[in-house]
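Starting off, we have a lone chain in the form predicted on its own, written out as structure tokens.
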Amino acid sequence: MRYTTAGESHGPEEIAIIEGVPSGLHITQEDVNEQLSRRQHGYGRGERQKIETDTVTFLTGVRHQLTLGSPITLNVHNDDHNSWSKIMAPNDVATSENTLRKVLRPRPGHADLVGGMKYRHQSDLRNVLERSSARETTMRVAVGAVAKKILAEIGVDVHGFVVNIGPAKSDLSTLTQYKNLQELREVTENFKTRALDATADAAMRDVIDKAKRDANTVGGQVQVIATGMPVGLGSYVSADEKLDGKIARAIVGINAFKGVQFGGGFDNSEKYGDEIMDEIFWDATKGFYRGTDNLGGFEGGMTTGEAILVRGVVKPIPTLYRPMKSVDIDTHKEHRASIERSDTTAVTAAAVIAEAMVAIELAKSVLDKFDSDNIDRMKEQVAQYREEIRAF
């Protein structure tokens, strides 16, 4: 399975094309819209979320709510384009009228300056920010929704939540009280910050409110948990086949993400081996299993069958309403950076985006190992493989 996305932040459409999805998968536009709505909602989001109501249209690859096995084209219309049609017009030559919203003062921490240098966009850095904007993640969430439908067919569930926003933290010790991810989902999705508990939710909202009052932004961390993955997906044979490596790349590839860890992650560097290695056990019913999950569901780049635990670090958004020092690319004189409409924090949305990216990589790994032509044949093969592993 592979995909590509296209579209600019203020262009008319956002598009994704997915290849390699098996035929016979039941999916509706509402399945995707549910995930798009989750991405749009969350404490600290900006004014654009009030303008857009992201809804997907299936243009190809789905008939009568079933995938055909051919490429699937997903389309989301940008409602905000109505106010930008002249600025973003593809067929008109540039004039003083349709270049009024030039960006010449790059924002520290954004792709503006380096992107302008790389692609020679010296006359207007808007040519960079329109694509580098996190608006593109709309389509990654849409692709992730399809991936989650594939995974659900073999009993795999994926969910993301917020660990912290600034100094306000969720109490991760409460995770052990949930029997499954659906129970956890019902809790975190009821908080506007996607925190684990009401105390953390209130503290996170206070941090966001303070940042907004100060014309500042704030970052945080998100965690994604996936359960039900078969043992042995990924490979130790080649570095580029390690599944945790693919997930790490996918997470850091999300806008504003600057770090990733699995299981205990960086905390494990301060411990001894006998504190973090997941001891091996066996019983006749489920076969081999681990007593703990400190390594986050991976050994040697392969799934162990335990829950996959992925955490990502999200930096504060670089667009500040109290802009930092910059330099005008035209005059080379010192100025304050440009201001674009933005969020106070994107951490609440980042949990949904990270969830989508983990789901995509897990779905890819399943379709790499098992039949990808038809969903029922894939399910049959997965069931046979699980039994083989159980009897090992």
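Numbering starts at 1 and runs along the sequence shown. Here the structure is a predicted model, which means the values were calculated and not measured.
Quick note: we don't show the form predicted together with another copy of the chain, though the next part is all about it.
A single residue from the set 184, 307, 154, 113 has any heavy atom within 4.5 angstroms of another copy of the chain in the predicted bound form; that residue is 113. Here the chain stands alone, but in the predicted bound form its contact with another copy of the chain, taken as any heavy atom within 4.5 Å, falls in 315 to 323 among 171 to 179, 185 to 193, 315 to 323, 145 to 153. Contact with another copy of the chain in the predicted bound form holds for all three of 140, 298 and 389, each having a heavy atom within 4.5 Å. Using a 4.5 angstroms threshold between heavy atoms, residue 135 stays clear of another copy of the chain in the predicted bound form.
Remark: residue 227 does not count among the residues lining another copy of the chain in the predicted bound form, judged by a heavy atom distance of 4.5 Å or less.
For the chain shown alone, residue 216 is a contact residue for another copy of the chain in the predicted bound form, at least one non-hydrogen atom being within 4.5 angstroms. For the chain shown alone, residue 291 is not a contact residue for another copy of the chain in the predicted bound form, no non-hydrogen atom being within 4.5 angstroms. Heavy atoms closer than or equal to 4.5 Å to another copy of the chain in the predicted bound form belong, across 186 to 214, to the residues 207, 210, 211, ordered by sequence position.
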